[in-house]
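Read the single chain below, which is given as C-alpha coordinates and is the form predicted on its own.
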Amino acid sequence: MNIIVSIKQVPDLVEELEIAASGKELNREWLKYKINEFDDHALEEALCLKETLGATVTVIALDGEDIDKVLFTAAAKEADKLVKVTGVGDNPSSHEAAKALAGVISGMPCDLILTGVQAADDRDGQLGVLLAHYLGVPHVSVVTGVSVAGNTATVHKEYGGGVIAEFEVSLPAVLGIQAARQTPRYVPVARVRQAMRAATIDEVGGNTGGVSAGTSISRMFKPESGAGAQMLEGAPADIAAKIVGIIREKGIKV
(Lines give C-alpha, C1' and ligand atoms only; values in the text may rest on other atoms or scores of the structure.)
Protein backbone atom coordinates (compact mmCIF):
# COMPACT_ATOMS: atom_id res chain seq x y z
CA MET A 1 0.00 0.00 0.00
CA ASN A 2 1.27 3.46 -0.94
CA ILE A 3 0.26 6.49 1.14
CA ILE A 4 1.06 10.06 0.10
CA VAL A 5 0.94 12.88 2.64
CA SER A 6 0.85 16.52 1.59
CA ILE A 7 2.43 18.93 4.09
CA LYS A 8 3.16 22.64 4.22
CA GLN A 9 4.64 25.26 6.50
CA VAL A 10 2.62 28.04 8.09
CA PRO A 11 3.61 31.11 10.12
CA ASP A 12 4.08 30.35 13.81
CA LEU A 13 1.14 32.16 15.41
CA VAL A 14 2.99 32.39 18.71
CA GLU A 15 5.21 35.03 17.12
CA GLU A 16 4.29 38.72 16.78
CA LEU A 17 2.69 39.12 13.36
CA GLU A 18 3.10 42.35 11.40
CA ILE A 19 1.29 43.48 8.28
CA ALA A 20 3.36 44.35 5.21
CA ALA A 21 3.39 47.88 3.79
CA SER A 22 1.01 46.80 1.01
CA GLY A 23 -1.63 46.08 3.64
CA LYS A 24 -2.52 42.84 1.84
CA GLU A 25 -0.19 40.28 3.40
CA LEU A 26 2.02 39.57 6.38
CA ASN A 27 5.49 40.99 6.64
CA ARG A 28 7.43 37.77 6.12
CA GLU A 29 10.94 39.14 6.65
CA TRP A 30 11.22 37.91 10.23
CA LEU A 31 8.48 35.30 10.29
CA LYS A 32 9.17 31.93 11.83
CA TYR A 33 7.50 28.93 10.26
CA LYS A 34 6.43 25.51 11.47
CA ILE A 35 4.62 22.52 9.98
CA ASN A 36 0.89 23.02 9.71
CA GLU A 37 -0.73 21.39 12.75
CA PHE A 38 -3.28 19.40 10.75
CA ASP A 39 -0.64 18.23 8.26
CA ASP A 40 1.34 16.90 11.21
CA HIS A 41 -1.73 14.88 12.20
CA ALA A 42 -2.08 13.64 8.60
CA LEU A 43 1.53 12.45 8.69
CA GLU A 44 1.01 10.74 12.05
CA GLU A 45 -2.06 8.91 10.76
CA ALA A 46 -0.08 7.75 7.73
CA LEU A 47 2.73 6.47 9.94
CA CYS A 48 0.23 4.60 12.13
CA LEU A 49 -1.25 2.98 9.02
CA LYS A 50 2.27 2.07 7.94
CA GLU A 51 2.86 0.30 11.23
CA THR A 52 -0.36 -1.72 10.97
CA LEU A 53 -0.43 -2.37 7.20
CA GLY A 54 3.19 -2.26 6.15
CA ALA A 55 2.54 0.68 3.84
CA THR A 56 5.06 2.98 2.15
CA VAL A 57 4.70 6.63 3.17
CA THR A 58 5.72 9.40 0.76
CA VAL A 59 5.68 12.99 1.99
CA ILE A 60 5.24 15.72 -0.62
CA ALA A 61 5.50 19.49 -0.20
CA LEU A 62 5.68 22.60 -2.33
CA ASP A 63 9.06 24.31 -2.28
CA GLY A 64 9.44 27.09 0.27
CA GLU A 65 11.71 28.55 2.92
CA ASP A 66 13.12 25.82 5.19
CA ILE A 67 10.77 23.22 3.71
CA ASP A 68 13.73 20.81 3.46
CA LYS A 69 13.96 20.74 7.26
CA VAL A 70 10.27 19.84 7.51
CA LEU A 71 10.72 17.04 4.97
CA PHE A 72 13.79 15.68 6.78
CA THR A 73 11.82 15.79 10.02
CA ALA A 74 9.21 13.59 8.33
CA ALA A 75 12.00 11.20 7.35
CA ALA A 76 13.20 11.16 10.96
CA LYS A 77 9.68 10.08 11.90
CA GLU A 78 10.06 7.11 9.49
CA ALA A 79 8.56 8.47 6.28
CA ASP A 80 10.01 6.46 3.38
CA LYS A 81 10.22 8.97 0.53
CA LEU A 82 10.45 12.75 0.29
CA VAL A 83 9.31 14.83 -2.68
CA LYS A 84 9.64 18.60 -3.15
CA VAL A 85 7.62 20.30 -5.88
CA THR A 86 9.46 23.28 -7.34
CA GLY A 87 8.58 26.16 -9.64
CA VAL A 88 5.15 26.96 -8.20
CA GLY A 89 6.04 30.35 -6.69
CA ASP A 90 5.53 31.94 -3.29
CA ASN A 91 2.30 31.61 -1.31
CA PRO A 92 0.15 29.84 -3.94
CA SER A 93 -3.60 29.66 -3.44
CA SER A 94 -5.26 26.37 -2.54
CA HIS A 95 -6.31 26.03 -6.18
CA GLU A 96 -2.77 26.52 -7.47
CA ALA A 97 -1.26 24.25 -4.82
CA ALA A 98 -3.79 21.49 -5.51
CA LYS A 99 -3.21 21.67 -9.28
CA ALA A 100 0.58 21.49 -8.88
CA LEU A 101 0.43 18.65 -6.34
CA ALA A 102 -2.09 16.68 -8.42
CA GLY A 103 0.14 16.94 -11.48
CA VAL A 104 2.97 15.27 -9.56
CA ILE A 105 0.89 12.77 -7.57
CA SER A 106 -0.90 11.55 -10.70
CA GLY A 107 2.41 10.06 -11.86
CA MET A 108 3.07 8.28 -8.55
CA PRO A 109 1.69 4.96 -7.28
CA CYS A 110 -0.77 5.75 -4.50
CA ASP A 111 -3.73 4.18 -2.74
CA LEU A 112 -4.40 6.90 -0.17
CA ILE A 113 -3.63 10.62 -0.11
CA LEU A 114 -3.79 12.40 3.24
CA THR A 115 -3.84 16.16 3.78
CA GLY A 116 -4.51 18.37 6.77
CA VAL A 117 -8.14 19.44 6.96
CA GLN A 118 -7.06 23.11 6.80
CA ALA A 119 -4.17 25.45 7.54
CA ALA A 120 -3.75 28.66 9.50
CA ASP A 121 -3.00 30.65 6.34
CA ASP A 122 -5.74 29.13 4.13
CA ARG A 123 -8.68 31.35 3.33
CA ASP A 124 -10.83 28.52 1.99
CA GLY A 125 -9.42 25.31 3.51
CA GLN A 126 -10.17 23.42 0.32
CA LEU A 127 -6.83 21.85 -0.61
CA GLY A 128 -8.03 18.28 -0.04
CA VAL A 129 -11.28 18.84 -1.92
CA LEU A 130 -9.52 20.41 -4.89
CA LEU A 131 -6.78 17.79 -4.91
CA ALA A 132 -9.40 15.05 -5.10
CA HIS A 133 -11.12 16.94 -7.92
CA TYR A 134 -7.98 17.22 -10.02
CA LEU A 135 -7.11 13.56 -9.38
CA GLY A 136 -10.66 12.38 -10.05
CA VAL A 137 -10.95 10.37 -6.82
CA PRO A 138 -13.33 10.39 -3.81
CA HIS A 139 -12.78 12.73 -0.88
CA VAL A 140 -13.82 12.88 2.78
CA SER A 141 -12.82 15.74 5.05
CA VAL A 142 -12.75 16.42 8.83
CA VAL A 143 -11.59 12.84 9.35
CA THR A 144 -10.79 11.62 12.86
CA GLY A 145 -10.29 7.90 12.22
CA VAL A 146 -9.06 5.71 9.35
CA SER A 147 -8.87 1.95 8.84
CA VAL A 148 -8.17 0.11 5.60
CA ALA A 149 -9.21 -3.34 4.41
CA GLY A 150 -8.47 -4.32 0.83
CA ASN A 151 -9.48 -1.56 -1.55
CA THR A 152 -11.79 0.17 0.94
CA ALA A 153 -11.11 2.69 3.69
CA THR A 154 -13.50 3.10 6.62
CA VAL A 155 -13.32 6.67 7.88
CA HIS A 156 -14.90 8.60 10.71
CA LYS A 157 -15.99 12.12 9.85
CA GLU A 158 -16.83 14.67 12.52
CA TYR A 159 -19.82 17.01 12.22
CA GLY A 160 -20.94 19.90 14.40
CA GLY A 161 -21.92 19.07 17.94
CA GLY A 162 -19.52 16.14 18.12
CA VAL A 163 -21.59 13.92 15.82
CA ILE A 164 -19.44 11.24 14.13
CA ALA A 165 -20.42 9.57 10.86
CA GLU A 166 -18.81 6.46 9.37
CA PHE A 167 -18.16 6.19 5.64
CA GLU A 168 -16.73 3.49 3.41
CA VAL A 169 -14.60 4.95 0.63
CA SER A 170 -13.20 3.15 -2.40
CA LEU A 171 -9.46 3.63 -2.90
CA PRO A 172 -7.63 5.60 -4.12
CA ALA A 173 -9.09 8.52 -2.20
CA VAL A 174 -8.12 11.81 -0.57
CA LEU A 175 -8.80 12.30 3.14
CA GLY A 176 -8.62 15.61 5.00
CA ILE A 177 -7.34 14.68 8.45
CA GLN A 178 -8.47 16.68 11.47
CA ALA A 179 -6.97 14.48 14.17
CA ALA A 180 -4.76 11.39 14.07
CA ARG A 181 -5.44 8.42 16.31
CA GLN A 182 -2.61 9.60 18.57
CA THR A 183 -0.59 12.75 19.26
CA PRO A 184 1.98 13.41 16.51
CA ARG A 185 5.26 11.83 17.54
CA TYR A 186 8.24 13.90 18.59
CA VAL A 187 11.70 13.42 17.14
CA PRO A 188 14.86 14.91 18.70
CA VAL A 189 17.08 17.25 16.71
CA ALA A 190 19.81 14.58 16.58
CA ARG A 191 17.53 12.25 14.59
CA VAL A 192 16.58 15.06 12.21
CA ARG A 193 20.27 15.76 11.58
CA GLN A 194 20.83 12.07 10.98
CA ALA A 195 17.99 12.07 8.46
CA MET A 196 19.58 15.06 6.70
CA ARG A 197 22.68 12.96 6.13
CA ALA A 198 20.91 9.74 5.16
CA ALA A 199 17.69 10.72 3.36
CA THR A 200 17.32 12.32 -0.06
CA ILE A 201 14.69 14.71 -1.37
CA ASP A 202 13.44 14.16 -4.91
CA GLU A 203 12.76 17.46 -6.69
CA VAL A 204 9.99 17.56 -9.29
CA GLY A 205 8.84 20.56 -11.29
CA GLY A 206 5.26 21.62 -10.67
CA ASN A 207 2.74 23.37 -12.89
CA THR A 208 -0.37 25.24 -11.79
CA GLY A 209 -1.82 24.89 -15.29
CA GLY A 210 -3.03 28.49 -15.46
CA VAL A 211 -5.40 28.16 -12.52
CA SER A 212 -6.89 31.57 -11.78
CA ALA A 213 -9.74 30.73 -9.39
CA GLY A 214 -9.51 31.54 -5.71
CA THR A 215 -9.84 34.47 -3.37
CA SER A 216 -7.96 37.75 -3.12
CA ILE A 217 -7.21 40.03 -0.18
CA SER A 218 -8.32 43.65 -0.30
CA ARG A 219 -6.96 44.70 3.08
CA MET A 220 -5.56 43.21 6.25
CA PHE A 221 -5.67 44.90 9.63
CA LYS A 222 -5.21 44.03 13.26
CA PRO A 223 -8.34 43.77 15.43
CA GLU A 224 -9.37 47.12 16.86
CA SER A 225 -9.39 47.47 20.62
CA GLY A 226 -12.78 48.07 22.21
CA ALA A 227 -13.66 50.08 25.25
CA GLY A 228 -12.92 47.16 27.54
CA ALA A 229 -15.05 45.33 30.06
CA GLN A 230 -17.16 46.99 32.73
CA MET A 231 -16.58 45.30 36.07
CA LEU A 232 -19.57 45.16 38.39
CA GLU A 233 -19.04 44.98 42.14
CA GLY A 234 -21.27 44.51 45.12
CA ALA A 235 -23.64 41.91 46.53
CA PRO A 236 -25.28 39.46 44.09
CA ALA A 237 -28.60 41.29 44.27
CA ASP A 238 -26.94 44.64 43.55
CA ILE A 239 -25.01 43.16 40.59
CA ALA A 240 -28.21 41.63 39.19
CA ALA A 241 -29.96 44.99 39.43
CA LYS A 242 -27.08 46.69 37.62
CA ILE A 243 -27.20 44.10 34.85
CA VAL A 244 -30.93 44.65 34.39
CA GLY A 245 -30.32 48.40 34.22
CA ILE A 246 -27.62 48.01 31.58
CA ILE A 247 -29.86 45.75 29.49
CA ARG A 248 -32.68 48.29 29.66
CA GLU A 249 -30.30 51.08 28.63
CA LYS A 250 -29.57 49.05 25.51
CA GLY A 251 -33.27 49.03 24.70
CA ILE A 252 -33.81 45.35 25.42
CA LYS A 253 -37.06 44.47 27.18
CA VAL A 254 -36.70 42.32 30.29
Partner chain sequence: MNIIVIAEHFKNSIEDITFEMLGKGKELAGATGGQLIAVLLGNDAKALADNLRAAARIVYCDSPHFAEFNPEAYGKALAAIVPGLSPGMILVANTSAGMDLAAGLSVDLGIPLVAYANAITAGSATSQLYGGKVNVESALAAGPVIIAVLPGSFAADAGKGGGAPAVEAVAAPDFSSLKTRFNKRMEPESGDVDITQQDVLVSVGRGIQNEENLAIVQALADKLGGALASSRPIVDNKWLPKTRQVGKSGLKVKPKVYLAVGISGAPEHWEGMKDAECIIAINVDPKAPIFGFAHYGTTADLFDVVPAITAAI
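Positions refer to the first chain, counted from 1. Treat the numbers as computed from the prediction; the structure is a model and nothing was measured. Heads up, when I say rigid core I mean the largest set of C-alphas that superpose within 1.5 Å between the two forms.
What comes next is about the form predicted together with its partner chain, which does not appear here.
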Residues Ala20, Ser147 and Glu203 all lining its partner chain in the predicted complex, heavy atom within 4.5 Å = no
Just to confirm, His156 within 4.5 Å of its partner chain in the predicted complex by heavy atoms?
-> yes
- Find out whether any non-hydrogen atom of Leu26 is located within 4.5 angstroms of its partner chain in the predicted complex, and reply yes or no. yes
Review point. Would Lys32 count as touching its partner chain in the predicted complex under a 4.5 Å heavy atom rule?
Key: no
Is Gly162 near its partner chain? Define near as a heavy atom within 4.5 Å, in the predicted complex. yes
In this chain shown alone, the residue from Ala79, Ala97, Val117, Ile105 with a heavy atom within 4.5 Å of its partner chain in the predicted complex is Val117
Near its partner chain in the predicted complex, with a heavy atom at 4.5 Å or closer, the residues from 165 to 185 are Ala165, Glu166, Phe167, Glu168, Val169, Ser170, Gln178, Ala179, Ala180, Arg181, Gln182, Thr183, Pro184
| said: Once the core is superposed between this form and the one not shown, does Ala237 show a C-alpha displacement of at least 2 Å? | reply: yes
Tell me, please, whether between this form and the one not shown the C-alpha of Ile246 is shifted by 2 Å or more, with the rigid core used for superposition.
yes
